[in-house]
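Next up is one chain by itself, shown in structure tokens, the form predicted on its own.
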């Protein structure tokens, strides 16, 4: 009974509520505004910490991401759900990860952050969520018409453990090479001195929150993309109840913590270009649908041994480097100089993948 509880309707609601409480608390403890948790933004910060891009305001080795993978691994091992597997169109998944990140950074957030932005009163998130649903809807059309990246295969246990090992390595680097006061870089890692990258909850609290969410999400199969996909394809509301719970509970938590500010203007790490809020998340939603999961779900899958999900995750991390090195990412001032072109190219590539990889 305990093993299956988190996969029940009640279980998925509890998981959504847990994320809805923890994210605003992490914001209160130091994480950026309306960004208690943002998988895309935090992977972007990790990309910067490793030097893949040099945007000085978004460089930090986010412990929450490390916790997601290790918490998922712990759950998978505890419940004999660790299944090393790989081999399903890995480079395609990498490319989808790159464009998923580009779309998310044009909007400035992943699906989780879109919900958390709305829960904090940022009405620009409505356009982002609408775009997300639109992109996922396009993906469901391909799924209905035979889109498939092929079957995964069982692989060696060591291969399934590679992603968690990498995350442990990231944590070790963070502990051995901490931030030096007043310095943007130590011998290995980059650290922001200002901007969102310089805002963080205490390391231990962030790591523990990530571990808890990773554990619960692995057991419940929590996925924002999957919730909309199941609603559109099968009219199933199981996962969707968890997403709605996250939104409602986070909104209440923000009100209690004094973090709720309704409006379009002057929202933290957001812009008001509605068309590109919509289009950026539409591209991200399409890429998530074609890859089979939102960025959070991909981390949880990687923790339980899915090498294809790990490839997607690293596609997003590399995509963040492209986005900031080539002026694709947005900022509160608006879309980057080449962000619009990147969204158009991303749609062309993702639509080509959807149309060309169908089984008759």
Partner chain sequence: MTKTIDARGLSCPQPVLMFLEAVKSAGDTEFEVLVDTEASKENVSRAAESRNCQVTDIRESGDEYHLTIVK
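Positions refer to the first chain, counted from 1. If you're wondering where the values come from, they're calculated on a predicted model, not measured in any experiment.
The protein also exists as the form predicted in complex with its partner chain; that form is not presented, and the subsequent description refers to it.
- This chain appears without its partner; in the predicted complex, the one residue of 194, 83, 185, 156 with a heavy atom within 4.5 Å of its partner chain is 83.
- Using a 4.5 angstroms heavy atom cutoff to its partner chain in the predicted complex, all of 148, 152 and 234 count as contacting.
- Residues of just one listed stretch (106 to 114, 243 to 251, 215 to 223, 120 to 128) have heavy atoms within 4.5 Å of its partner chain in the predicted complex: 215 to 223.
- Remark: residue 198 does not count among the residues lining its partner chain in the predicted complex, judged by a heavy atom distance of 4.5 Å or less.
- In the predicted complex, its partner chain lies within 4.5 Å of some heavy atom of residue 238.
- Although the partner is absent here, residue 134 sits far enough away that none of its heavy atoms falls within 4.5 Å of its partner chain in the predicted complex.
- Contact check for residue 162: every heavy atom lies farther than 4.5 Å from its partner chain in the predicted complex.
- Contacts between stretch 127 to 143 and its partner chain, counted in the predicted complex as any heavy atom lying within 4.5 Å, involve 143 alone.
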